[in-house]
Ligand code: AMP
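For reference, the chain that follows is the form predicted alone, supplied as structure tokens.
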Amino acid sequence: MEIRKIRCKICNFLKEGLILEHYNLKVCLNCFPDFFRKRVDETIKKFKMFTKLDKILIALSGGKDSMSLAKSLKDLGYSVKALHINMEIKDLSNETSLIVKNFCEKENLELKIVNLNDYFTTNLEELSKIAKKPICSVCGSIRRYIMNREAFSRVIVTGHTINDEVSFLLKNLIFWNDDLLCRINPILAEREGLSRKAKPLCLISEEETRSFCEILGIKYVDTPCPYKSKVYDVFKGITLKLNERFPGSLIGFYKGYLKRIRNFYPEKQDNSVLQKCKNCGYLTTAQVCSICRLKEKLLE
């Protein structure tokens, strides 16, 4: 978003600020951080994600989305612990871990770092070959596994923005992946042995998270992951164009889908029967969870 001279609708002063076309609002740089925090808090309350009595575990990747969310939750008075998962991707992971450490020290946030080699003795490329799955898919499975293992009854929050949510929705609509479409929701209820998961940025754009970090001087990692899915890039690009050409369209589309999801999938519920993995105790639909199966293949 371009910074220009505007009359702020919040403080009514003529200052440098941003034009938030999707809200039809002009906000100065001084007022924007509070406006952003308010939007985060409103989203949490709208979807009844959690309260200030709950303990929160935020998946802190080091990117602008999770960093802006961590700062906002801390400033709003929520009880937050950060989890950073170092996937040991060449120099990128080392740089990211350092940025996350410095941020948490400055903000006085409790931080735990878990490394890929705490679970596996090889890298993502080799794990991808062994699993016969794309690197992105393997990485996502490992991250979800670690988050659930480290949550200890805390609510898991992630920095998924409206761009992420609509990208995911569009991709699965085009390929009619009903199993995933029926589960799209800003909050995933807890189940026995699995923590609740929430996305407090689900109505906030990437442009806003970037502006929040840059206005407050929060350093974040802007280098794209070398293994990022090209399909993901295509749909993310579509959301950026949509938001640019038709401000507010992403929020309208996403909210509209949430309203209609019961019409599309009237029997929407997860009836999968979970059992404890016989090796690690993690809840899974099979006798052995996907991570333990990957470990077994690695030993073979």
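Since the model is a prediction, treat every value here as computed from it, not as a measurement. From 1 onward, residues are counted along the sequence shown.
The following text describes the form predicted together with the ligand, which does not appear among the structures shown.
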May I ask whether S167, N243 and L250 each come within 4.5 Å of the ligand in the predicted complex, counting any non-hydrogen atom? no
Which of 26-34, 259-267, 54-62, 40-48 lines the interface with the ligand in the predicted complex (heavy atom within 4.5 Å): 54-62
The one option of C202, L83, L116, V80 with any heavy atom within 4.5 Å of the ligand in the predicted complex is L83
Consider the chain as shown here, without its partner, and state which of V221, L109, M147, A131 has a heavy atom within 4.5 Å of the ligand in the predicted complex. M147
Answer with yes or no whether R191 is in contact with the ligand in the predicted complex, where contact means some heavy atom within 4.5 Å. no
Residue-level question: is T239 within 4.5 Å of the ligand in the predicted complex, judged on heavy atoms? no
With the cut-off set at 4.5 Å between non-hydrogen atoms, does K71 touch the ligand in the predicted complex? no
Taking heavy atoms only, is R183 within 4.5 angstroms of the ligand in the predicted complex? no
Neighbours of the ligand in the predicted complex among 215-237 [non-hydrogen atom within 4.5 angstroms]: K228
